[in-house]
Ligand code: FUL
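In the block that follows, a single chain appears as structure tokens, in the form predicted alone.
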Amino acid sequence: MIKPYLLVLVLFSVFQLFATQKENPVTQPAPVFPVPTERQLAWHEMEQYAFIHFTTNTFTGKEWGFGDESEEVFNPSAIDVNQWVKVIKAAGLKAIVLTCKHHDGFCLWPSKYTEHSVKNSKWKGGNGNVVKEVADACHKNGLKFGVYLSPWDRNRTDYGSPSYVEYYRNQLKELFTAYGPVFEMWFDGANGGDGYYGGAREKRKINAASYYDWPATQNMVRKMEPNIIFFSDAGPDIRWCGNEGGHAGETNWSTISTDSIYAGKSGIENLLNSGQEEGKNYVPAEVDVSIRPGWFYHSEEDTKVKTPEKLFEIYLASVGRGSNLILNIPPDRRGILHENDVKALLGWRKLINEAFKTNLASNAKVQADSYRGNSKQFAAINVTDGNKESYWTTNDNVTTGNLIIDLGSVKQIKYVTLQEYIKLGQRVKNFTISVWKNNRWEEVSKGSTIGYKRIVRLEPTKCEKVRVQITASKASPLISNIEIY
């Protein structure tokens, strides 16, 4: 029998324990800077969207117009932007970024600052406005709308002088005040070279790092569109992936030091592709690639459209490596997406739907070798609960860990999706994936970074348990989601 005074001591100790826990709850890990902004987090969740390259080049067969093309060349016979939107939405893409003006300077809206625009074309007797039609169709059908306005202009007489920068900013004001909301502004890295330049027909060179005064231009746009995402080689919000082949790096940090890169600088492709582990800025990569060899429509490329299988490979190498994919789909001379492109896009969507139809890890049992403060708030089950705001993590001094997902019975698996809780910073440096077979663990894959999302393709294998090991991390790893297909 417990003596009364001992019982009092036990009860007092228990009370103190609970009181201490209440006073000192288990806190979340400190952020690992830099961390994404709210607009960058929203951008990550989009994952993939469309690029539309459409201008006089569509009708001349060029990729880069020289700037001396007649406005009358632009004359689509049966333009249907609703067809673009319908197909793009059916393909699972979330937005359209339109080339409102490419390097040739021809504007797809009736800009009051130039005669080189649709207002002097034969299309609709000069009363057409492609930008308005696309923006309206996007907003009506639940797609976001983005703007590409080339900083280079091979038509303008004053390109290279201060007055051109004023002209460029005036056109941005036209676009953002009349066709918003705009989710992304795409700044191309091609700046300066040979051109028509109002009849000069010469080569002009500008200092891409200083000529446009990008900070002032971006501040101007941000005042009109506070949640805009800016794309360029160096961001500031999202960066180029360093290639147009459709792949981010196997190692892909969303962090990079922007003071080491700027538009037009050569030899930075590898840096852009992989990012920097100790980068000072959070600037994730966007992967841009065309469904055809060229960026504009050319009839001779009708048989060279990327297959659904190739597009699926690109998806795994872009979205599957923590980047967003912007896939270019150029309308043909009729002004619609070509039948071959449509077939490839819908076939691609079918492959994605089939591959990721049933998440075998949904609400599955999970065990971890440890979790932060032994608190349910950070327990292993958080990685399969479908809640993007919950996560598993470890104590501050623990930068490795194991998660074992029990599938309940033997299942065939082909893909494992991993996601970090990036609100507190990208952390994981290395991981491995193993399966339980023949009463032992068999390693089937390993990788480096995870970031917003990592999709790991495996050789099809049968197992009843999957183990994810975080073998190196910048700080306590934070895993918010694991899916198995």
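All of these numbers come straight from a predicted model, not from anything done at the bench. Residue indices: 1-based, along the sequence shown.
Quick note: we don't show the form predicted in complex with beta-L-fucopyranose (FUL), though the next part is all about it.
- If you check in the model of the complex, is residue 103 within 4.5 Å of beta-L-fucopyranose (FUL), heavy atoms only? Residue-level check for residue 103: yes, a contact with beta-L-fucopyranose (FUL).
- Item | Touches beta-L-fucopyranose (FUL) in the model of the complex: residue 51 (any heavy atom, 4.5 Å) | Yes, contact at 4.5 Å.
- Could you confirm whether residue 190 comes within 4.5 Å of beta-L-fucopyranose (FUL) in the model of the complex, counting heavy atoms only? So residue 190 counts as contacting beta-L-fucopyranose (FUL).
- Close approach of residue 64 to beta-L-fucopyranose (FUL) in the model of the complex, 4.5 Å, heavy atom: So residue 64 counts as contacting beta-L-fucopyranose (FUL).
- Tell me, please, which stretch of 88 to 96, 181 to 189, 131 to 139, 336 to 344 lies within 4.5 angstroms of beta-L-fucopyranose (FUL) in the model of the complex when heavy atoms are compared? Only one stretch qualifies here: 181 to 189.
- Just give me the single entry in 148, 123, 211, 168 that has a non-hydrogen atom within 4.5 angstroms of beta-L-fucopyranose (FUL) in the model of the complex. By the 4.5 Å criterion, the partner-contacting residue is 148.
- Task: Please pick, from 277, 354, 244, 259, the one residue with any non-hydrogen atom lying within 4.5 angstroms of beta-L-fucopyranose (FUL) in the model of the complex.
- Result: Only one listed residue qualifies here, and that residue is 244.
- Between 278 to 315 and beta-L-fucopyranose (FUL) in the model of the complex, list the residues on our side with a heavy atom within 4.5 Å. Heavy-atom contacts to beta-L-fucopyranose (FUL) in the model of the complex: 288, 295.
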